[in-house]
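Taking the form predicted on its own, here's one chain by itself in structure tokens.
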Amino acid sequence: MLTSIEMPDGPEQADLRAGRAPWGYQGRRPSSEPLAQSIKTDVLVVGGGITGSMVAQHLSSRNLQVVIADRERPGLGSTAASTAMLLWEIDKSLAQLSELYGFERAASIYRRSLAAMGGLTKLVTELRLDCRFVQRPTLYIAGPEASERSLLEEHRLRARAGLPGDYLDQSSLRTNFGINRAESLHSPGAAEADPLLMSWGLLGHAIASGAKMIDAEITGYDHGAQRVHAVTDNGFEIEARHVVLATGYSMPDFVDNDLHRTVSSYAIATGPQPQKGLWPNGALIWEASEDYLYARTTSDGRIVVGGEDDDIMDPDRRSGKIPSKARILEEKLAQLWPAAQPAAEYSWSGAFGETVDGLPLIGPVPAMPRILAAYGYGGNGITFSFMASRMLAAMIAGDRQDGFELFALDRTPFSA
């Protein structure tokens, strides 16, 4: 017996981002083809952004038949607005996550994220993805008003969990990096990349492995115990054993829950800096504060700075705020790193998803076991996308592993 779900109209790519980011230049977007007839496949991946491309590449490499459906140009939604800070560290500190889930569970989540970042690095290397991927350390710095030693307990918890990194007091941070903040955690294992080139490269590998990318909008689902029939806007159907929803911030109503919310975020990229305008080792910098600022460099010597999140979701109002937000980010960059030439050459805004516990939404949609969700919300969303591709592949193979429940769509964060 099949149960039908109609899909309401969701936001378009133009509603998810505005302005101009420095991604995708000299890259080639993989082409899609229209759906000319009803088809069958093992897995239908809905969405051709970074999460969908990560899932499609991995499932295709496991000899599954994969169809990728995107109603617009793949990668040019929220992926094109990403700042691609490829972190294993999570928006919620290990201390905060331990308060929700207890230390052992929180530590296992952090270790899983660290392993995912290692796996992503290995994948980029093995596939030789031309996406300006560079391994970097991170600097998790105290906020401007923070007192010294507030990060020391976080460092101790990370050491207890077997996570890499060092604690830097104010003197060490200033000596080694020239940054004047009370303290920092310095950790290896992160990276930077061009998110659009990464997404397109992964799609290209998926297609080379037999995946098919089609230009189609899914208007409804008939889901049953064994199969899902996805109805498209041109009247044809895609019959699949599993459907993976990788639609980013165009989340269907039947997936929506109280765990997450969508806000607006803003970013700038400067012009290429002189060598003295860049901090040592190109570390990925982010603040240990609720409304944190973050910064990274690029392979062509620019500085990307982001933050200034707000609750405005109207696309026109968000777009109209880009100039004022860009000026604030320029000022904050000048305060953080006075040696920079902070004038923005690129400025943009985009939708940004966050969850109450800082974790992604990965797993079956409740009461719809054949429809799986992959929503890598948070500051390390691309790392979560890699994690989702591996977790969902295991679920499709019938391998439900310990710890998967911590990312479930119907999880209940609780106080430990």
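Keep in mind that what you see is a predicted model, and the values were worked out from it rather than measured. In case it trips you up, residue 1 is the first one in the sequence shown, and so on.
Heads up, the form predicted together with a small molecule isn't pictured, but that's what we're talking about next.
Student: In the predicted bound form, do 81, 249 and 383 all put a heavy atom within 4.5 Å of the small molecule?
Tutor: Yes, the whole trio is in contact, each within 4.5 Å by some heavy atom.
Student: Select, from the options 349 to 357, 58 to 66, 362 to 370, 27 to 35, the stretch whose residues sit within 4.5 angstroms of the small molecule in the predicted bound form by heavy atom distance.
Tutor: Flagged stretch: 349 to 357.
Student: Work out which of 285, 240, 85, 203 lies within 4.5 Å of the small molecule in the predicted bound form, going by heavy atoms.
Tutor: The residue in contact is 85.
Student: So the small molecule isn't shown here. In the predicted bound form, which residue out of 73, 317, 122, 156 has a non-hydrogen atom within 4.5 Å of it?
Tutor: Only one option qualifies, and that one is 73.
Student: Tell me, yes or no, whether residue 337 is in contact with the small molecule in the predicted bound form, where a contact means a heavy atom of each within 4.5 Å.
Tutor: So residue 337 does not count as contacting the small molecule.
Student: Does any heavy atom of residue 50 come within 4.5 Å of a heavy atom of the small molecule in the predicted bound form?
Tutor: Although the small molecule is absent here, residue 50 would touch it in the predicted bound form, with heavy atoms inside 4.5 Å.
Student: Although the small molecule is absent from this view, report whether residue 216 comes within 4.5 Å of it in the predicted bound form, heavy atoms only.
Tutor: It does: once the small molecule is placed as it appears in the predicted bound form, residue 216 has a heavy atom within 4.5 Å of it.
Student: Since only the chain is shown here, I'm wondering whether residue 279 would be in contact with the small molecule in the predicted bound form (any heavy atom pair within 4.5 Å).
Tutor: Output for residue 279 is no: heavy atoms all beyond 4.5 Å of the small molecule.
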